[in-house]
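We begin with a single chain expressed as structure tokens, specifically the form predicted on its own.
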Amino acid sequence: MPLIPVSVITGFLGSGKTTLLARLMRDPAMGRTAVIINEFGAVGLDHDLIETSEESFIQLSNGCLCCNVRSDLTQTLSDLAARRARGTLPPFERVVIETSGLADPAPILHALMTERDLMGVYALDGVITTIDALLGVATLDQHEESLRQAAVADRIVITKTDLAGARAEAVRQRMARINPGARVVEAANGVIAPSVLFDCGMFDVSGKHPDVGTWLAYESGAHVHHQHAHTEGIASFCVLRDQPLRAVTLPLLLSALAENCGGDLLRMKGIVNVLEDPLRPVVIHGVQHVYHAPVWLPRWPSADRRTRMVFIGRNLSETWVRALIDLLDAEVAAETAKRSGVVA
């Protein structure tokens, strides 16, 4: 029986991994794909933003996958294979793993290449890394995880090129120095054909950054407890609301976050129940100083219709963020009532 190819999609916080995967999963060529998503934090949102079969979708949101690779990833892949063999799961022909934006890819790749329970069923097909054309160079300079994610890639996808202008070329030049063996492509809004990214062949360190072999060799060592510094000073929290927010509150919130949090807010994303149109949620995104316009979905993707916002960053006050949301929405409500009173 042929081995099932496993592709890893990685990239730093806000670099476009979920957008890319969501677009890919709409392609008929991805019909028999099992998806594993790891999110940093206790509450995940990506499963509501990606259209895929619930039966072949696994969400891992109890921390960073690279720190729990032996227990979580290995067990998950083993369970998927067992369910496939029993016929209780559709016969998927590919597995795609989307890592947390803070994941060091080396332990994940090492597990896929060396775990005996996995080697007889799966084969690491390649690593796809997303790099933000707007913030990519600065992120590479500031975060070791981003450098490692780019260094191990077989395919590098430069995202947000429609917004970056000439900065995309600087990212391309940096990628050529970090990982000359990788194929570099561009994708605006995640639009790219699966054939460009998958079927890379067996993972090979040749042509990649010279440190990749060292990182993988380190994973073969006798250390038991995998500790990574990426979580030092970085925290996440989720704001859950049963009460809907007013539409006008959203741009005010994004503007306030950009002005007051700056680069300390590494990532925020949310799916929001809006008072004026409760049947259609709004998706909001932000990365450091850059916040995108809210996007309306045609319908709720699941039965959970609460507002859920995830915040990841340094020196963030959860109390302040919650108070900000409440204050802005209360001010919008008061102004709306005042205007209604004048009209009446």
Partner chain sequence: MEDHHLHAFLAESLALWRVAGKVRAGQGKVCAQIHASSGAIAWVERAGDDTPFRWFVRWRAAGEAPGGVRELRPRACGSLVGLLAALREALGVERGSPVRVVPAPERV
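This is a predicted model, so every value here is computed, not measured. Numbering follows the first chain given and starts at 1. Whichever C-alpha set is largest while still superposing within 1.5 Å between the two forms counts as the rigid core.
Keep in mind that the form predicted in complex with the partner chain is not shown, yet the notes after this line are about it.
185, 247, 119, 176: which sits within 4.5 Å of the partner chain in the predicted complex by any heavy atom?
-> The option sitting close enough to the partner is 119.
Taking 4.5 Å between heavy atoms as the contact cutoff, choose which of 271, 140, 89, 254 touches the partner chain in the predicted complex.
-> That would be 254.
Any chance all of 289, 292 and 319 sit within 4.5 Å of the partner chain in the predicted complex, going by non-hydrogen atoms?
-> Spot residues vs the partner chain: full contact, yes.
Out of 254-262, 72-80, 236-244, 176-184, where are the residues with a heavy atom within 4.5 Å of the partner chain in the predicted complex?
-> Every other range fails; the passing one is 254-262.
Is residue 315 one of the residues lying within 4.5 Å of the partner chain in the predicted complex, judged by heavy atom distances?
-> Residue 315 belongs to the contact set for the partner chain.
Should residue 296 be classed as touching the partner chain in the predicted complex when contacts are defined as heavy atoms within 4.5 Å?
-> The answer is yes: residue 296 has a heavy atom within 4.5 Å of the partner chain.
Taking the shortest heavy atom distance, is residue 22 within 4.5 Å of the partner chain in the predicted complex?
-> Residue 22: no, not in contact with the partner chain in the predicted complex.
With the partner left out of view, is residue 114 within 4.5 angstroms of the partner chain in the predicted complex by any non-hydrogen atom?
-> Yes, contact at 4.5 Å.
Classify residue 121 as shifted (yes) or not shifted (no) between this form and the one not shown, where shifted means its C-alpha moves by 2 Å or more with the rigid core superposed.
-> Superposed on the core, residue 121 moves its C-alpha less than 2 Å between this form and the one not shown.
Would you say whether residue 29 is displaced between this form and the one not shown, judging by a C-alpha shift of 2 Å or more on the superposed rigid core?
-> No: residue 29 shifts by under 2 Å between this form and the one not shown.
Does the distance between the two CA positions of residue 251 reach 2 Å or more between this form and the one not shown, the core being superposed?
-> The answer is yes, as the C-alpha of residue 251 shifts between this form and the one not shown by 2 Å or more after core alignment.
Regarding residue 187 and residue 265, go with closer or farther for their CA spacing in the predicted complex versus this form, the difference being 3 Å or more.
-> Compared with the form shown here, the C-alpha atoms of residue 187 and residue 265 sit farther apart in the predicted complex, by 3 Å or more.
In the predicted complex, whether the C-alpha atoms of residue 101 and residue 284 sit closer or farther than here (change of 3 Å or more) = It is farther: the C-alpha separation of residue 101 and residue 284 rises by at least 3 Å in the predicted complex.
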